[in-house]
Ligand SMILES: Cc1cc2nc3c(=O)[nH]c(=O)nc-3n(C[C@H](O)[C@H](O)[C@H](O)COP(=O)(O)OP(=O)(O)OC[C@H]3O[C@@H](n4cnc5c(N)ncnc54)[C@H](O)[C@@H]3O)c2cc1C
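Only one chain is included here, represented as structure tokens and corresponding to the form predicted on its own.
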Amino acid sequence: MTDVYRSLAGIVGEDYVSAEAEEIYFYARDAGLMPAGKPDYIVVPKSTAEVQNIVILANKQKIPIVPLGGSMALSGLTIPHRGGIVIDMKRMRSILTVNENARHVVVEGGISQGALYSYLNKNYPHLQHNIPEAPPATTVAASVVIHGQGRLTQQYGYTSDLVSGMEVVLPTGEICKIGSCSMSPGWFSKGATLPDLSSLFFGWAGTTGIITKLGIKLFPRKKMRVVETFVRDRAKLVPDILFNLTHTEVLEDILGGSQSGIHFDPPMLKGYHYITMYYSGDTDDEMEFKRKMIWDSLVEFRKSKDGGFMWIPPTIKPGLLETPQKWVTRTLADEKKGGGFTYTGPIVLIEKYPVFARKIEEVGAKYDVAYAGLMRVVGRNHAMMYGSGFPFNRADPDLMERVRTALHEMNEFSLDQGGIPWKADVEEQKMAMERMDPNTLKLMKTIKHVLDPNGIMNPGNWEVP
């Protein structure tokens, strides 16, 4: 093992490899409920060549590898379940090129959401990427790998849908380009007319390769952006309301949900089902046209008194328009003042909103836990992410166990309702595979074995029995 340490130091330099107990402690866990692992080494490469040499070394020594972005998934996807080498990508944070006319950017695999947002805001303020409601330290590549969501998801789909090319180090050490960049200088398409290989690296929890470069589509950032909130006291009509709203095709983002036991701003939303919608434009006339379309789309619900638009206090509105929304972290992640928050977020049909809203209310009461039911529309009403979130205090083991049990029950319920897990932890992965078509599992196993014959890439995740 001393030889491995020396070899890693030879690749990245003495300052960028560690086996110290203090660093191992922090790299062994994330902010969720999954038990900690114990890596043997932490290494921080600077280039694709260094990543490649680490992977080649790991194959030679049959040592597990865990690629790490911002470690913000909350579901243990970067916990080293079987030890080995954690590859922290944070030094690979360059923004390589921006094609302003074609609206895409090429970045390294460790660039954070906050860094890319700040760069675009300063140099290309008329362009934006699909930034999520997550801490700025989360990485763009990690969001792609887990089919992440953000403020443009309602219009354009998951972050993985917005990829325009990739460079990947495969589990055997080969460097592979995916999409138009594999045969052209341009990073404008992840596949399109070519055989699309990009999905080999999305949703696999870092078990099929390490993204070292990434092309991401950019979109117009308008001069004005407005938030509106529609409120009702029953969940039954929420799917119909969402259908009417998305039918206008003018909304940038649609969020919603309900909550209990959590301090919430504005407080008048407590106990109600709310739909928060965002639209943007470059002129007052454009904004008024969109506002009228949105209000007209909900006129039937307003006339029947099945819901209404809520006035948002000026003290609250800036927080709702913030990018990313810091109140999400403040309100949910530390509600119990113990630094703990976890959730399950299946992708499911929007028509299921009422049953999910009832179920999380039932689970919250059953286990005496605070909860937030959070919904985001995906791809113009094609589906939604329904997040069942539970804050907890790490100094309260009884509360942590109740939250763990509540989370498990919501996972089972989600699968029973036909949902598919989003950034599933190991337990959710096993539950999902128990319900999968046998030939689907067989194909997954074949792909994984071909790409990673030594089984070193993030073992413990998506392991087909």
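In this text, residue numbers run from 1 along the sequence as written. Given the structure is predicted, the values throughout are model-derived calculations rather than measurements.
Beyond what is shown, the protein has a form predicted in complex with the named molecule; the following relates to that form.
**Listed range touching the named molecule, judged in the predicted bound form by heavy atoms within 4.5 Å, from 215-223, 114-122, 184-192, 70-78** = Checking each option against the 4.5 Å cut-off leaves 70-78.
**Asked** Even though the named molecule is not shown here, does it sit in the predicted bound form so that Q154, G256 and A383 each have a heavy atom within 4.5 Å?
**Response** Verified in the predicted bound form; spot residues all out of contact, no.
**Message:** Please tell me whether any heavy atom belonging to E361 falls inside 4.5 Å of a heavy atom of the named molecule, as the geometry stands in the predicted bound form.
**Reply:** No, E361 stays farther than 4.5 Å from the named molecule in the predicted bound form.
**Message:** Taking the named molecule as it sits in the predicted bound form, is D161 in contact with it (heavy atom to heavy atom, 4.5 Å or less)?
**Reply:** Result no; D161 lies far from the named molecule in the predicted bound form.
**Request:** Determine whether any heavy atom of V348 comes within 4.5 Å of a heavy atom of the named molecule in the predicted bound form, and answer yes or no.
**Result:** Flag for V348 set to no.
**Request:** With heavy atoms only and a cut-off of 4.5 Å, decide whether P135 touches the named molecule in the predicted bound form.
**Result:** Contact check for P135: yes, within 4.5 Å of the named molecule in the predicted bound form.
**Item:** in the predicted bound form, the one of F230, Y343, Y353, F392 near the named molecule [non-hydrogen atom within 4.5 angstroms]
**Value:** Looking at the other structure, the residue within range turns out to be Y343.
**Contacts with the named molecule in the predicted bound form, stretch 196-212 (heavy atom within 4.5 Å)** = Contacting residues: A205, G206, G209, I210, I211.
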